[in-house]
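Given as structure tokens, the chain that follows is alone and in the form predicted alone.
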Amino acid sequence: MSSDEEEWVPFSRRPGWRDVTPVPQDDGPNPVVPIAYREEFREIMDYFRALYFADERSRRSLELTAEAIDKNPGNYTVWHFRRRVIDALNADLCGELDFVSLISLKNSKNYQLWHHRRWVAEKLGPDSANKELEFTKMILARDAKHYHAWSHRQWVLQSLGGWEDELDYCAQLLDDDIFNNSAWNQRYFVISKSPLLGGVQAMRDSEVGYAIEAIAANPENESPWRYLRGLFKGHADLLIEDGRVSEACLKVLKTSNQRVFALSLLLDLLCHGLQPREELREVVQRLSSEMELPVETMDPMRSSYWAWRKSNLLPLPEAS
């Protein structure tokens, strides 16, 4: 029952509650800053304490916790007691997920809500995977960087399954917003964790192409640059050997004013031993001798960092 939709009826006037003696909140004899609770909230919690102290795991206890959660979704004691009642009654778990979905409309960043939802989904098992993935999609459609939704989605995939369409979902999100760093993070999670794709090694070739295409379209977007590095994490030799990486850097350095990320990756390649071809060598020589002014202009906040990077740049061998 929602007080926003109909007049709220006090428990003292409801049939079936006359045997319950409410337990007021005990703030001690001289509370320093007593909270002025609304009368409706006060009565709900007084009756909740009565059932909680009696450990009454009944249908009315379930209904009462729903009202208490509606008024304060952050009360972890109410959520905890609700789980005990659900277990005792063997209550409808699919209906419980619907209840949580309703609460999430106004309180989607509530920790207790997500903990409770995971508890329910875990009890339902793999059959709940699709419903949970759809639930997180709904949340992410409203807030693409919702931490709780992403965390829950990853837990669902690893615990309950549903990997089949996840890479396509990431692609869809990135088609909508290529700057969505959460979607880039999820994409890496999928290629590295999915039991269906074979891991980063199996996906590296195609994913390098995907990242470079995104870089070419938006060189100022840091996410695909980071993603590209992640594809070669722990394998600097492979990063150097893949000519597409240095070529992507060269193209950005020649055609774009947004060169900071290309410079950073190129310097990493050189420090790891890249032997550049002639065209890239010319760009490197210019960076080595004249890069202070353009880099300071592009990235003044990290001018000291760039000076340090230059000081660690090994001299290039003479061209053969």
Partner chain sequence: MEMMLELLPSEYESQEINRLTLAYFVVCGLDILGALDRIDKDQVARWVLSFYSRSGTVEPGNCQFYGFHGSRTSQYPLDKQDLSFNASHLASTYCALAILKIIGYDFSNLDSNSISLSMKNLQQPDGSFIPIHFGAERDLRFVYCAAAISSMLNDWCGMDKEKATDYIIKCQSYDGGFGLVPGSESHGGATYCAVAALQLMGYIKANYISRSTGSSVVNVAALLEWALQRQAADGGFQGRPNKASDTCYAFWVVGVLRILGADQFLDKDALRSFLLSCQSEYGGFTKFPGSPPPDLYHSYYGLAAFSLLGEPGLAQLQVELGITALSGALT
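Keep in mind that what you see is a predicted model, and the values were worked out from it rather than measured. Numbering follows the first chain given and starts at 1. Definition used throughout: the rigid core is the maximal C-alpha set that superposes within 1.5 Å between two forms.
Same protein, other form: the form predicted together with its partner chain, not shown, and the subject of what follows.
- Heavy atoms within 4.5 Å of its partner chain in the predicted bound form map, among the stretches 175 to 183, 92 to 100, 237 to 245, 124 to 132, onto 175 to 183 alone.
- Using a 4.5 angstroms limit between non-hydrogen atoms, Ser108 is distant from its partner chain in the predicted bound form.
- Heavy atoms of Lys251 never reach within 4.5 Å of its partner chain in the predicted bound form, leaving it off the interface.
- Its partner chain in the predicted bound form is not approached by Arg59, whose heavy atoms all lie more than 4.5 angstroms from it.
- Although the partner is absent here, Val260 is a contact residue: one of its heavy atoms lies within 4.5 angstroms of its partner chain in the predicted bound form.
- Shown without its partner, the chain has Asn221, Glu222, Ser223, Arg226, Tyr227, Gly230, Lys233 in segment 219 to 255 as residues with a non-hydrogen atom within 4.5 angstroms of its partner chain in the predicted bound form.
- The two forms, fitted on the rigid core, differ between this form and the one not shown by less than 2 Å at the CA of Ala262.
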